[in-house]
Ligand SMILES: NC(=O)c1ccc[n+]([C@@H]2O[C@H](COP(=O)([O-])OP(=O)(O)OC[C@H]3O[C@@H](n4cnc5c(N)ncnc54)[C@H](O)[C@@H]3O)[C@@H](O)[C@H]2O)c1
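The chain below stands alone and is given as structure tokens, in the form predicted alone.
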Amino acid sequence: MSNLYDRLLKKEAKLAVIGLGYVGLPIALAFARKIKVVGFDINQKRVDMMRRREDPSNELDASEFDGCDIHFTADLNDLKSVEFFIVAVPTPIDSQNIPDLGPLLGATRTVGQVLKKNDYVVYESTVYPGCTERIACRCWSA
């Protein structure tokens, strides 16, 4: 059996990007030029825009979607066949510089609903050291 990297390149496995904002969408499109990608966002209106090759953040031209093997979705079921997840959700801070971990917790719970043995999860969100380990343990052990 080949490793995940080889299976991704052969398009026998899929990668998902969770959160398609100004960070997640460019990451998803970059990967989608080489492998199968599921672009997941909880906002159906944003998903509909990306399906029309429109960047909701107005930072990417429609041509950036050219040649990409990507399926945009807000449907959790579309993540069940994914083996590699990249979480790219915002971590805004309040006036006292305390991060709002709500989006990260929500995305982690989403991935946790479809996560299988031997799957990979990478966090692209900006957080303090140890945060994702504690969040993942808290969300996935519940």
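It should be emphasised that the depicted structure is a prediction, and the values quoted were computed from it without experimental measurement. The numbering used is simple: start at 1 and walk along the sequence shown.
Another form, the form predicted in complex with this ligand, is not on view; read the next lines as being about it.
J.: Among 128-136, 5-13, 19-27, 114-122, which stretch has residues with heavy atoms no more than 4.5 Å from this ligand in the predicted bound form?
T.: Residues of 19-27 come within 4.5 Å of the partner.
J.: Taking the shortest heavy atom distance, is residue 42 within 4.5 Å of this ligand in the predicted bound form?
T.: Yes, residue 42 lies within 4.5 Å of this ligand in the predicted bound form.
J.: Residue-level contact is defined here as any heavy atom of the residue lying within 4.5 Å of this ligand in the predicted bound form; does residue 81 satisfy this criterion?
T.: Contact check for residue 81: no, nothing within 4.5 Å of this ligand in the predicted bound form.
J.: Classify residue 90 as contacting or not contacting this ligand in the predicted bound form by the rule of any non-hydrogen atom within 4.5 angstroms, answering yes or no.
T.: Yes - in the predicted bound form, heavy atoms of residue 90 and this ligand come within 4.5 Å of each other.
J.: Would residue 107 count as touching this ligand in the predicted bound form under a 4.5 Å heavy atom rule?
T.: It does: once this ligand is placed as it appears in the predicted bound form, residue 107 has a heavy atom within 4.5 Å of it.
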